[in-house]
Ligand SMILES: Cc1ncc(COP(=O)(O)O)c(C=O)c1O
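Next up: a single chain in structure tokens, the form predicted on its own.
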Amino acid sequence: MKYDFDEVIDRHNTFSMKWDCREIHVILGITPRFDEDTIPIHTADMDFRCCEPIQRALRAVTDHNIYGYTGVFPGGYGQTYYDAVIGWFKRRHDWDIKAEEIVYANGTMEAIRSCIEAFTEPGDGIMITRPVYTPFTGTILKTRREVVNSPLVDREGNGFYEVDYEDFEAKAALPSTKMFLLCSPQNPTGRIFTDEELLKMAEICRRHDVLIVADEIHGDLIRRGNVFHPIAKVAGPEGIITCTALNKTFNIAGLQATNIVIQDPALLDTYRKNANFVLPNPFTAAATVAAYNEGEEWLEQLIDYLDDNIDFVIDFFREHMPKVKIRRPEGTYILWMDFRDYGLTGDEIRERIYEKANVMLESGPQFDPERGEGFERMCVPTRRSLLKEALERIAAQFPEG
């Protein structure tokens, strides 16, 4: 069937974190203005209806009208859950996974937190590569571990970020460094690391006995012409834990549909012994099976629409605000935008965009406190008419072009 991603959908008054939760945005100091006229294009949350198979599956759950404890275990009826996950990664990524290697988790950051707590101790160093997804830092600190940052480098100044392997190895070699949180595809830069890059990171981490926990939840949202490979497939499973999810792919973040894949038997045994055992709710289980078994038609149409949205935004800035530097991302639906050529402070940039234009983005220092000033992150999975309005509002506040 043909899906309409241009449909106007009012998400106000639906308990939406993106559209309704004024208090959290204002109290946390993200923006001083958030009202009914705000256009939020800051968070990785799509304004599109889910695919019809998910809707049918969730209706079947409500029609049954019993919401008891829900288990997904290999064998019996629970095998349908694992078969759906296994089939998806085999078809989409040629990655072979076994049912016993899959562990359900209540959301990706909860999965990462459980890995940190299962494999490290308070005071241990957890390595990240900034700019990187903000909750990585928060979760490390909340678990009383130490942030070890090996910054990505943009050598040519054109938005193409790479690992600084000399620094990466130096940080991995620190006696306190026990884990590396890999974000792949990378958020917010949109990089898809090549097989060679993934292998080099894995080799360094193995050389220094650093466990890799890979957040690959954007792995299905890839630009046409690009290819994403899971690190465990490229480098082998030794010392690697992979967090996968339907949350971004199928816009069901509220259902917390995350699966951890651990193909290293020793790691799997340690994880099961140390991590809390959690169960999905009946909606999550049903949505996972439906999405992975029947959702590809919707996803293919979505990818085309996202590609066009990304090109629309880049073309708009090129024509109306050429001082903004944007590199077309290889994956994700995120744009990492460099406003520094305006010669404005970060606060001045945010005042123009967040307050005067009343468009909500995410500021660069959230992703990189040391080097992020002057950058903004935009997420484009919304109808194009709303994107156009947001961009026109922003451009009106930058008459310098």
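Start at 1 with the first residue shown and count on from there. As the structure is a computational prediction, the values presented were derived from the model and not from experiment.
The form predicted in complex with the named molecule exists for this protein as well; it is not shown, and the discussion that follows is about that form.
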{"property": "S114: touches the named molecule in the model of the complex, heavy atom cutoff 4.5 angstroms", "result": "no"}
{"property": "Partner proximity in the model of the complex: A287 to the named molecule, non-hydrogen atom cutoff 4.5 Å", "result": "no"}
{"property": "Contact of M109 with the named molecule in the model of the complex (heavy atom, 4.5 Å)", "result": "yes"}
{"property": "The named molecule contact in the model of the complex: N247, any heavy atom under 4.5 Å", "result": "yes"}
{"property": "Partner-contacting position among T177, N251, S150, N187 - heavy atom within 4.5 Å of the named molecule in the model of the complex", "result": "N187"}
{"property": "Among the candidates I192, V210, I140, C183, the residue which, in the model of the complex, approaches the named molecule to within 4.5 Å (heavy atoms)", "result": "C183"}
{"property": "One stretch from 169-177, 115-123, 101-109, 308-316 that, in the model of the complex, holds residues within 4.5 Å of the named molecule by heavy atom", "result": "101-109"}
{"property": "Residues from 36-55 in contact with the named molecule (non-hydrogen atom within 4.5 Å) in the model of the complex", "result": "A44"}
